[in-house]
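In structure tokens, the next block holds one chain alone, the form predicted on its own.
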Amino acid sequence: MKKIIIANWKMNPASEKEAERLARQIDGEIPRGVEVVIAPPFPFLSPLNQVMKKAKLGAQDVFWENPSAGGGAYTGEVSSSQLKSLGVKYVIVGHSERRALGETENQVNKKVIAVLTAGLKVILCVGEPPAVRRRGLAAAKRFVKQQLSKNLYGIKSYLLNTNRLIVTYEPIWAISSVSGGKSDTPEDAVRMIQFIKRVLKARVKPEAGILYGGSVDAKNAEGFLKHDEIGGALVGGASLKQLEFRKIVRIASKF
């Protein structure tokens, strides 16, 4: 199975011109054996869809209502059907930065359902905060299991069993903005990802791909990606550095 490398640009870059330039540079050198997803800010989705040939287009968030279903009175929100019309294939849901702004487990659940119903692939982010991790691995596992239970609550099996659910283990304590650049160890990440696979096994068939998303860069990428259990990486800051991101992609293509 191909490794998936997702570039989460967050609120970057500053202009459409710069977004197109960076996308072209990344798209032009994607080796075989790896899937690359670029998730730019909403205003750049349409122009990037026009310039990318190999990379897939991703969105950083979504709202759970759709205009076609009678929704629409939600100022500032974007629906899954609107994203799909722009060429989006993947949608990130439940990112720690969205949760930090007040997004609830119930809202994440509704977003997952909306994305899957639209026929798009969902990248569901789960992971424990520093206070939980300080209580040990068992506490971290309980926290993540509860997140998965709430985020996938009530979702029909025909939606989950479509090979469109991707889970990213995103330990909040290991994200650069929180940790100052300190990532989890690959061995620790593998243990958590093995646990997530066991939690999902009874509900999701075929097996969901599990990615890692905590301060991945060109220096530590191989340590994570060489493990079969880790299906790829969600890359933040390093995805805005063309040479560094391309190195991560090349590393991923080896496995």
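Just so it is clear, the model here is predicted, and its values are computed rather than measured. All residue numbers are counted from 1 along the displayed sequence.
Missing here is the form predicted together with 1,3-dihydroxyacetonephosphate (13P); even so, the following discussion is about that form.
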> Does the trio Lys10, Glu97 and Ala174 actually contact 1,3-dihydroxyacetonephosphate (13P) in the predicted bound form, every residue with a heavy atom within 4.5 Å?
Replying inline: yes
> At the 4.5 Å heavy atom threshold, is Asn220 in contact with 1,3-dihydroxyacetonephosphate (13P) in the predicted bound form?
Replying inline: no
>> With the partner left out here, check for me: in the predicted bound form, does some heavy atom of Glu170 sit within 4.5 Å of 1,3-dihydroxyacetonephosphate (13P)?
In response: yes
>> Under a 4.5 Å heavy atom criterion, is Gly214 part of the interface with 1,3-dihydroxyacetonephosphate (13P) in the predicted bound form?
In response: yes
> For 214-240: residues with a non-hydrogen atom within 4.5 angstroms of 1,3-dihydroxyacetonephosphate (13P) in the predicted bound form?
Replying inline: Gly214, Ser215, Val216, Leu234, Val235, Gly236, Gly237
